[in-house]
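Let us start with two forms of the same protein chain, each given on its own as structure tokens and named structure 1 and structure 2.
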Structure 1
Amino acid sequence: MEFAELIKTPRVDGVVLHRPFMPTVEGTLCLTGHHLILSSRQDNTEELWLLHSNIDSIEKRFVGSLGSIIVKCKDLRVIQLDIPGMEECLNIASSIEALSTLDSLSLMYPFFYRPMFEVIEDGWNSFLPEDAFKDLESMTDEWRLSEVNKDFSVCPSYPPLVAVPKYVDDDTLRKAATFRHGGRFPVLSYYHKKNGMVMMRAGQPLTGTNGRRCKEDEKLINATLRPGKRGYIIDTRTINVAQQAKARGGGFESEANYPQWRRIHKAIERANILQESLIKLVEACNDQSHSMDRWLSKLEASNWQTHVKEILTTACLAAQCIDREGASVLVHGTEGTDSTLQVTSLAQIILDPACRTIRGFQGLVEREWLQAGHPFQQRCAQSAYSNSKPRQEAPSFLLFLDCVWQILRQFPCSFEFSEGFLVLVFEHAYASQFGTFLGNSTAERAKLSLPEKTVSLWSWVNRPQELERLTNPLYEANSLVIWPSVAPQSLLLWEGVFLRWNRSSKCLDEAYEEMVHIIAYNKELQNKVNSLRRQLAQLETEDPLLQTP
């Protein structure tokens, strides 16, 4: 298919662009296969380059022969284009609708994008499972890297290489996979260096109404326990939801078959409820009524902060079991691709200082989201403005980023990256020139040859000038476990995402610049103090009479 077939009017002059807190711009609107571009002849005006894949929905309005298109984006931005001429406006609108809803992944912009920067490090090779396993090997010899899934036949959503207990063979893994939802047998998620405890993740067991059991599954998870130790199974569903899953062939581990494991049920909501919550939250944030009661009741009705609290609470529980109870943990929900990953990745943010660095966080997203089979293509197909009926969309990853931001806000000196880095990752998960978040699994990415045909987001982020921009100026490496407060009073609305386009950031930007200046000046003074101390010490050694009492 040619993009030209979908573009009815490629160019219109005299278009006026309205953006919140920015001056209006008049210029020429151009449509290409992947971008909506508005450029002005005024020298000091920046151009608008908007990816069609970032467009969630559009609305058309007409006053006489003047048409307006309101463009609502997946990054929650809303812009308005005033287009002279009804026919041009209708043509532009239908072209945008067609270009922003292309189903074929191979027509997406990452396959056409050519980087304008020098790729110093290929991000596709930066976080390979075999490299992560080398770090594990330096700490313990109790695990091995299995190739049981090398052709993706055992579990379509797992990567080809997975870390499993050393003395559990591949046959046992294959049989255990038939007992877990989607073939997602228990695999290693995290090894806690301090005490050797581990966190595993999986899909739900397929016990069904007959209470089916699987000796191989029991053997696999028991192999992670130390002699005389008990473990915890954290089921991210309520006991009622887990019971209902039995009627559909799913279920949970029974105490009789897993006597060394204690099961704890939490209440993280399913995907469709989270999507409704995001829609309600964004609607509340865009409400212009200025009524305090209305704002607070809409915010509460969205339940977004409740979801943040529940996910953080469950992650703290997992971290507590590992670090304070000295117990290993298995985490699962239903599929094991949403709430499970939120919990395992956040627990690592709490426990592992390496995950709080820029590079460590990239590795975490690779391991616990991309390689672990979170279906990004399905979950991020729509954001909060789409008019079409939600299918499998859900802000699971955005909720994870929100939870990370909550911890960052409570421990502002313990993270190497700034809030801007989290916002950047959110934006690229929904629409990007990079191939990192395309597809639903490693298998799909391999089939599409993404590492060969597209550029990785990490190739761009890991350039020195970009790293400098995304680094938190307050960062001081903290090797401790950090325990966030999950009290409702401690959890705030993430304004940097949800109110970003609803108010001017001028004052915040100025305050940030001032903070950076103060920190730089403080370092300069510190260096002067150190230099003077060295000079004084040298003088004292040269002349004993100068020695301080």
Structure 2
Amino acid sequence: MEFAELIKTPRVDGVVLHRPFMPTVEGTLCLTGHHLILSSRQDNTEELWLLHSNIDSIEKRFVGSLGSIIVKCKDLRVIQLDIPGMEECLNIASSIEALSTLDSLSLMYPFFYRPMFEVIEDGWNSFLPEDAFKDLESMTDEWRLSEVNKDFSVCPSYPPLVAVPKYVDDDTLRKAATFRHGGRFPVLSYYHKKNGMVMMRAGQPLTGTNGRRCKEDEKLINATLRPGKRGYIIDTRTINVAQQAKARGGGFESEANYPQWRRIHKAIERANILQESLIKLVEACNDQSHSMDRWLSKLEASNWQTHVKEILTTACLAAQCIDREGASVLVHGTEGTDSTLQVTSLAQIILDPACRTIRGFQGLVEREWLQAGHPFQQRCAQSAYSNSKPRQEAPSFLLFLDCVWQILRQFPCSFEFSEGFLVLVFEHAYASQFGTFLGNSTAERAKLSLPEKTVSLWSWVNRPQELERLTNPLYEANSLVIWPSVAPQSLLLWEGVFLRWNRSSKCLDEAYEEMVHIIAYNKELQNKVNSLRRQLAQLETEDPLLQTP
């Protein structure tokens, strides 16, 4: 297929662009295979370059022969294009609709994008499982890297290499995989160096209604317990939901078969409910009414903050079991690809200072989301403005980022990255020139040859100029476990994402710059004072009269 077929009108003059909190721009609208471009052809006016894949939905409006297209983006921005000419407007609208909903992954922009920057380090190779395992090996010899999934046949959503208990062989893993949803047998997610406790994750056990059991599965997870120790299984679903799952062949670990484990049920909602919640929240934020009651009741009804609180609480619980109870933990929900990953990744943010660095956070996203098989392609296909019935869309990853932001707000000096980094990762998960978030699993990414054919987001981020921009000026390495508050009063609406386009951020940006300036000036003075001190010391030694004979 040629893009040209989809572009009936490639160019329209006299188009007016309306954006929130920015002056309107009049110029020429151009459609290319991957971008919507509006250029005023005047100096010092910013051009609009919008990826078609960033467009969530559009609306058309006509007043006489003047048509308007309201473009709603996955990053939650809403812009309006006034297009003279009914036919042009219709053509542009239908082209945008077609180009923003391309089915074939290989037509996506990352396959066409060529980096305009020097790649210092190829992000595709920065966070390989074997490298992560080397770190683990330096702390413990109780684990091994299994190649049982090297052709993705045991678990299609797992990477080819996974860390498992040393004395559990691949046959046991294969059998355990048949007992877990999607073949997701328990694997290592995190090793807590301080006390040797671990966090594992898996899919739900397939006990079904007649209480099937699997000796290999039991053996596998018991192998992670120290003698005489008990562990905790955190099931992210309520006991009712978990019971209901039995009817569909799923279920949970019974006390009888897993006597060394204590099960805790939490209440993280399923994908479709989270998606509905996102839609309602964004709708509330875009409500133009000035009624406080209406805003608070819509915010409440969206349940978004409830999800944030529940996810964060569950992650804190997992971290508490590991760090305070000295127990190992197994986390799962149903598939083990959404709520499970929210919990395991947030628990690491709480427990492991390394995950609070820019690079460590990238590694965390790689390990616990991309390689762990979170289906990004499905989950991020649409965002909050989708008109179509949600299929498998869900803001699982956005909720994770929101929770990280909550912790960042409570510990503003303990993260190497600033809020901007989280916003950047959110944007790229939904629409990007980079291949990082394409596909649903390592297997799919390998099949598409993404590492060979596209550029990694991390290649772009890990360059000095970007790193500098994303660095939190307040950062002071904090080697401690950080326990966030989960009280409703402590959890805020993530303005940087949800109100980003609804209110001017000028004053807050200025405050941030002021803060950066205060810190930079301090550093500059320190350097000056140090250099003068050296100069002074030198002058004194050179002073012949000060030399002791």
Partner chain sequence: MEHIRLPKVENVRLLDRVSPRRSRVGTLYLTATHTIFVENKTGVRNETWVLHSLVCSVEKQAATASGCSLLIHCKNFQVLHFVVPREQECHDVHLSLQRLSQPERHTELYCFSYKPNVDEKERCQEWDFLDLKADYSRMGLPNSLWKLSPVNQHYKVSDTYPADLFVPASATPPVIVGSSKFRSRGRFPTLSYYSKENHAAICRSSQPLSGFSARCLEDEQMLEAILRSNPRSDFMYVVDTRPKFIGIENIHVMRNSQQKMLGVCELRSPSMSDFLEGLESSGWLKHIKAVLDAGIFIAKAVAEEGVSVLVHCSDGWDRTAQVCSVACVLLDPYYRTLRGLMVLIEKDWVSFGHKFSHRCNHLVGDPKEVSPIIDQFLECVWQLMEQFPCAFEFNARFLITIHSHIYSCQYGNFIGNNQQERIELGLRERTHSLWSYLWKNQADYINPLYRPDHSQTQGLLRPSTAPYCFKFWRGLYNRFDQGMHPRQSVEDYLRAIREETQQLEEQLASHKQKIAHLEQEQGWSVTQKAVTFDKSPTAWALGNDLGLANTPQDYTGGFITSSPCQPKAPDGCRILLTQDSNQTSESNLSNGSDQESGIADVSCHSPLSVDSTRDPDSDEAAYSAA
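For the two forms, the rigid core is made up of the largest set of C-alpha atoms that agree within 1.5 Å on superposition. Reference numbering: structure 1, starting with residue 1. Only a predicted model underlies this, so the values are computations on that prediction, with no experimental measurement involved.
Looking at the condition given, the form predicted alone, one finds it describes the source of structure 1 alone.
Superposition of the core reveals a Cα shift of 2 Å or more for Asn522 between the two structures. Here Met22 does not count as shifted, since its C-alpha moves by less than 2 Å between the two structures after the core is aligned. With both forms fitted on their core, the C-alpha atom of Gln535 sits 8.5 Å from where it sits in the other form; this compares the forms between the two structures.
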